[in-house]
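You are given structure tokens for the same protein chain in two forms, set apart as structure 1 and structure 2.
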Structure 1
Amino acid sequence: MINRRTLLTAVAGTGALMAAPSVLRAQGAGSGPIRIGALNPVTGSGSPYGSGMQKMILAAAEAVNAAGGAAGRPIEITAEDTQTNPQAGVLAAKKLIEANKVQAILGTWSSGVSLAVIPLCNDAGIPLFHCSGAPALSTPPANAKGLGFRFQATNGRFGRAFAEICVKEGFKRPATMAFNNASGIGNTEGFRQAWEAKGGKVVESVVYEPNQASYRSELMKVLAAQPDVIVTGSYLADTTILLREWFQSGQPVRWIIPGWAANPDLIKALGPEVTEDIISVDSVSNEGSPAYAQFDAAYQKAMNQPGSANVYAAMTWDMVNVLALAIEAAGSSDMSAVVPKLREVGNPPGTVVSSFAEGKAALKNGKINYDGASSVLDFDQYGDVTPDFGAYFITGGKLERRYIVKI
């Protein structure tokens, strides 16, 4: 049945397509474009990253279309904003799935949003590519159908990176402090498992509640165990209060803190004296790779900033490429055929490729292995990747990257 509204939408849609640059229009196969949803945190607390992420989805899609499209069809992106808010994210995802009929949703950022959106994708049978850390996104019920693919390190892997840095820095008596939520405890639990696997012992662990006026008793308990380093799973506000109270306690100890908490805002809040020698750990892009060079150029062009300013934008760049390669390998945009191909084109063995065009050509001769801008992009059984990590030391009020940790 055609009513007036669907007719109007169809007319408007055709008009938009005609007005779009020629690369957006169907080439080759003659069937319509493959619709993909870009669902990024353009506003809200993810806003420093969101618009860069969205622009890289558009830029990567443009590159795919310039190379003749995936399985002979162009990719058409519909962009929505999650507002870094699960309610808004779900509304936007519903619109993308039901009204825009997208075949995949790319680029959700905060764990809360990804956890809220993934059931919709499961129902629709389409994949969700995200940049969230929560371990719950790896397993059922969230990832019951194996449609969730994570382009960021899990909190558990952050913990493994912390353990590597502990070894490298010669720490012997680590203690942990974690904010009581999935992310905070995920970090310190990941650390504990990795550290104990190396034969080490964690001398004290404290899980604390948010929104306390003081964390003195918590600190007292941890410091009583005489640790040489405290590893945290924390956020900016609680880290600020913790470090201020620790400094006033006068007991020397080193800190290893995730990058989203130990950042320039923390240094600004506490000053160089308190923050000196803190080790901040963050995932880093696959900086030496040819894929990164292409991403960096696209990011410079779109955002007038180096690609290193936004690790998540490198992830969304890879999302489009690996999806397009899987569609190409499957020869169709039917997601039940495409999803099994994601690991095939992303993981070894196969010819190493770093762009869609290169991969499309190499697919004619056999298997390929896409190495991305954000990481080497090898998905494990849960659909998770393992990026590299940077160990940044705060020196004189500046974050200085000393080395890269591979886990």
Structure 2
Amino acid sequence: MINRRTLLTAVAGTGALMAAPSVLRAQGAGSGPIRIGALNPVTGSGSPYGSGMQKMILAAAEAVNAAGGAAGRPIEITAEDTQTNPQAGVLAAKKLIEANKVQAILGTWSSGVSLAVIPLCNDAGIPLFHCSGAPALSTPPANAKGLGFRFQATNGRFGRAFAEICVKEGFKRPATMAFNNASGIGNTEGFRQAWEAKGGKVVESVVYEPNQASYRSELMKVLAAQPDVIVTGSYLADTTILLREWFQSGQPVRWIIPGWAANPDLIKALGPEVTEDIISVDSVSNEGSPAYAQFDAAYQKAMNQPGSANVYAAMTWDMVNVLALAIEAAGSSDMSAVVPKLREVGNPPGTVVSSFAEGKAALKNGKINYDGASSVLDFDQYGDVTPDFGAYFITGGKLERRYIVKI
């Protein structure tokens, strides 16, 4: 059963909106609130991030409303939980679109969920802002209408960061292991392409099926190639089993693992001895920007933790701001007019702004360029952004960021 919570940041005009014909609601007519869906992984494997992501959508919407709303209208958030499960995500998205009449969905996490939800957004003609890495989310059929906007790096870009780290660390014989889904294979394929472009060779590649009690046979195949590092496209549960079985093998090798799998929960599950010297790679927020300072204060207030604890929460903070600025620029919440404005307010040229209030004022004098908390937020032709990456080394049971990788 879906754990549903409805959290409203504004209620003025709700009755008038509900009384309007559905076509007019879809076009954003009227003076009531603009309805936005927050669809986050509050439970399931994404739960370490989901609550913070949801709370930053609410906090950013409150800031927009405090500044007078977008195009003169308040934003109303309805929040749902994907359970980090595609089937549950689809049910929640249908509820948001059909019952709540939302005009955009923000914050899906995990490629399986986003790939399952984006067809519903295409059918409804509303944008999906997501934090997923699968390359398939950039192009048709998933993004056939150009309604998908990615605030996380693509798996291909993660792979390029892995390759840069391999060069910097002096690895010569990398192998790959990938969870059999679009995200896992996307990571390792992105790495292979980038590594081979540098003249290197991947000594072994294995794609493993999910939800196994053991990955020993796949691991032994990779270790037989005598790699000096294993690059993964994996999740926390399978990574935990893989590393336990590798440690039992006694064969020395280093690991490069995406940050959503090599995190404090992995260290807690396996202990410092097993996880020592693992390299965890994750995108890094735009930490020196004024937008990040505002996000960080909001996150600390809501979660009693620094904003650096949840890179995805900075992304959902930006989602609300850039959407509200595009609505302000369009002068309407009609998504056929708003979507073309997303690149206008997020990309150069224009006056650099760091908040909705600042951008709203600057729009009166011309174009703006929202420089976000999660990245500089310049969308390419596919709706993707390119954040920086952090190389974190696990030392003594703690994650230590040693350097930033720019691609």
Partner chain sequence: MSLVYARHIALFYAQLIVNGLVQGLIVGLAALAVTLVFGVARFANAATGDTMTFGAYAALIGQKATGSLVVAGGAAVGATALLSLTVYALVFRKLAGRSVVALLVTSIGVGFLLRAALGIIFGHNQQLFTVPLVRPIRFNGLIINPFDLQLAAVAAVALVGVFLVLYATPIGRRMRAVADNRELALVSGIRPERVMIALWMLVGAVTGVAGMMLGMKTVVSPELGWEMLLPAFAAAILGGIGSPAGAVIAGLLLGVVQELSTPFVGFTYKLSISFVVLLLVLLVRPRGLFGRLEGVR
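Each form is matched to the other, and the largest set of C-alpha atoms that superpose within 1.5 Å is called the rigid core. Only a predicted model underlies this, so the values are computations on that prediction, with no experimental measurement involved. Quick note, the numbers are simply positions in structure 1, starting from 1.
Only structure 1 comes from the form predicted in complex with its partner chain. With a cut-off of 2 Å and the rigid core superposed, residue 72 has a Cα displacement that falls short of the cut-off between the two structures.
With a cut-off of 2 Å and the rigid core superposed, residue 245 has a Cα displacement that reaches or exceeds the cut-off between the two structures. A rotation of 15° separates the smaller rigid part from the larger between the two structures once C-alpha atoms are superposed. After superposition on the rigid core, the Cα atom of residue 272 is displaced by 5.4 Å between the two structures. Structural comparison between the two structures after rigid-core fitting shows the C-alpha of residue 184 displaced 3.3 Å.
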